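In the block that follows, a single chain appears as structure tokens, in the form predicted alone.
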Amino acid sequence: MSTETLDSFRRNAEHHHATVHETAPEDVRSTVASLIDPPAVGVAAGYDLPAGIETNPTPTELSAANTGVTVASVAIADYGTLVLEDDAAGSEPASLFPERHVAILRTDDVVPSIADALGTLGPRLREGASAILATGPSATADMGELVLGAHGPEAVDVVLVGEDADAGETAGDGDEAGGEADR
């Protein structure tokens, strides 16, 4: 992934009120732990999530969750948009119902444009898969002033996982890192 594409993704995601936290693979768990506001639910295939995240929530637990943790399949740098594929484990509701959405994203999965994203996802979508495109928190300006969290999460944190990420460096808040990840 080019530095220009990653810079574009960071800039556009933050323009749309998301916060990007860069971390190394071995620090995903501690970075996610620093971002969750319990109770939390999550679907994060391939990652070792911190304790306290319910990965098989009941509808009541999902409704009560303050944080939802998911893995984004792809991100579109031109818009700072996350692509979340629908799955049986519940990624879509985990990303939409809680007030805070924490999305784990590999730097290798950031593509420059929507055409590139469709090129990546096209075969799965043609076979009947579905995905949502999420650009920052849910927002509306119907009443004049921008209101975040109108119909979905009020806050979005992207945990951007790269091999050469400077552990602990974040674009948003300087979180410390130091846990386990297996992806």
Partner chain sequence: MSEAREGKAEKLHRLLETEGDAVAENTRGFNRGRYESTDDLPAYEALKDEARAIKEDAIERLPELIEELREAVESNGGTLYVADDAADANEYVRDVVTERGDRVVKSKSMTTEELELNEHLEGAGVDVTETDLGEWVLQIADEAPSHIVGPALHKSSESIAELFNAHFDPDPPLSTPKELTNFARDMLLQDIEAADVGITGANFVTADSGTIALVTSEGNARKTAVVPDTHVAVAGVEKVIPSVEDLAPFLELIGKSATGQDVTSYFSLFTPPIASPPVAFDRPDRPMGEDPARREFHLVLVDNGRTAMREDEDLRETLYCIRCGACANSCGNFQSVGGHAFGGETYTGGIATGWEAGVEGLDSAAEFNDLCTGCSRCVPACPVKIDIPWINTAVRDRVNHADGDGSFDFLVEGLTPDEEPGGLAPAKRLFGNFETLAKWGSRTAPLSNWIAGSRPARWAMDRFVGVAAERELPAFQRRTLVDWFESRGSCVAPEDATREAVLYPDVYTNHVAVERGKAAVRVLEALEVRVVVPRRTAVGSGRAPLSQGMVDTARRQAERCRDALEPELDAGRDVVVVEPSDLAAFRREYEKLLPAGDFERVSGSSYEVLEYVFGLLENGADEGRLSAGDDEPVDYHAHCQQRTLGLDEHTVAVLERLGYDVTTSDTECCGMAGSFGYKSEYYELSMDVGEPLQQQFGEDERRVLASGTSCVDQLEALLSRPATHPIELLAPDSSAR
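Positions refer to the first chain, counted from 1. Note that the structure is predicted; figures quoted are calculated from it, not measured.
Same protein, other form: the form predicted in complex with the partner chain, not shown, and the subject of what follows.
Not one of Ser8, Val20 and Ser30 places a heavy atom within 4.5 Å of the partner chain in the predicted bound form. Within 4.5 Å of some heavy atom of the partner chain in the predicted bound form lies at least one heavy atom of Met143.
Although the partner is absent here, Glu92 sits close enough that one of its heavy atoms falls within 4.5 Å of the partner chain in the predicted bound form.
In the predicted bound form, the partner chain lies farther than 4.5 Å from every heavy atom of Ile53.
Proximity of Gly46 to the partner chain in the predicted bound form falls outside the 4.5 Å heavy atom cutoff. In the predicted bound form, the partner chain lies within 4.5 angstroms of at least one heavy atom of each of the following residues of 53-67: Asn56, Pro57, Thr58, Pro59, Thr60, Leu62, Ser63, in sequence order.
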